[in-house]
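Given next, in structure tokens, is a single chain: the form predicted on its own.
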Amino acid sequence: MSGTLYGLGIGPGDPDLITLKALRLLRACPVVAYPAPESGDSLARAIVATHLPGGQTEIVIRMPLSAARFPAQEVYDRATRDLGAHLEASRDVAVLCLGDPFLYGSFMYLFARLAGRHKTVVVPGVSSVLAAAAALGMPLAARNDTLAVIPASLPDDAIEARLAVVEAAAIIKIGRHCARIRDLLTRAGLAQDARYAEHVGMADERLLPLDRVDARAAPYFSLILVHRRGAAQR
């Protein structure tokens, strides 16, 4: 009988933001896999390190994180073979995913390759968007508000078109786009209602008004929340 593949959302960075279900499965699975950069440590593993019981087989899925090379199909093809071998040997596999597996999560590329052949369970997680709203004390949406999640890598006209038809937005994956996004929000008259967050839930978390952000230093894991009325509950 095949093992079960679990896609575990482990939250944005705070080890306490993992769900009880994900924690139970993380500790029970004999095989744990997680993404990592081409060199260096895995952030996903670091988040759950204190929860690991020891003795598990660990599979590091090393992948390029640059936009030009992601997703690297050969990386996921190789990981599919590695994970598939364990599943076919009736070993359950837990794959760690920052935030939520199906909200810009890397797990979806493994899901597309393996779900048709093996039992697969997806465990939702706390996304950085929700964690940032909580940390900032900035409600996202209320009543009939519409919320958009917008990748900062989109061109200006695409972002402006989306901002024009919603009350609230989370602009994600800011990184090198920070100065451009700040200028765009300023032109749209939304900069005063925007707040910046980086590394939400981690030890180096920073929460700032937009005009205090050093755009040159914005990391990939940063985002901007904006609401046309400044506060969703008004």
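Values in this document were obtained by computation on a predicted structure and should not be read as measured data. Note that residue numbering begins at 1 and tracks the sequence as displayed.
There is another form of the same protein, the form predicted in complex with a further copy of the same chain; it is not shown, and what comes next is about it.
Peer 1: Assess the spot marked by L140, I150 and A161: is a further copy of the same chain within 4.5 Å of a heavy atom from every one of these residues in the model of the complex?
Peer 2: Spot residues vs a further copy of the same chain: full contact, yes.
Peer 1: Verify the contact flag for P15: yes if a non-hydrogen atom of it lies within 4.5 Å of a non-hydrogen atom of a further copy of the same chain in the model of the complex, no if not.
Peer 2: P15: yes, in contact with a further copy of the same chain in the model of the complex.
Peer 1: Within 4.5 Å, heavy atoms only: does R216 come near a further copy of the same chain in the model of the complex?
Peer 2: Because no heavy atom of R216 falls inside 4.5 Å of a further copy of the same chain in the model of the complex, the answer is no.
Peer 1: Is E167 close to a further copy of the same chain in the model of the complex, meaning a heavy atom pair under 4.5 Å apart or at it?
Peer 2: Contact check for E167: yes, within 4.5 Å of a further copy of the same chain in the model of the complex.
Peer 1: Could you tell me if D92 has a non-hydrogen atom within 4.5 Å of a further copy of the same chain in the model of the complex?
Peer 2: Judged by the heavy-atom cut-off of 4.5 Å, D92 is well away from a further copy of the same chain in the model of the complex.
Peer 1: Which residues in 119-154 have a heavy atom within 4.5 Å of a further copy of the same chain in the model of the complex?
Peer 2: V122, V123, P124, G125, V126, S127, L130, A131, A133, A134, G137, M138, P139, L140, A141, A142, R143, N144, D145, T146, L147, A148, V149, I150, P151, S153, L154, in sequence order.
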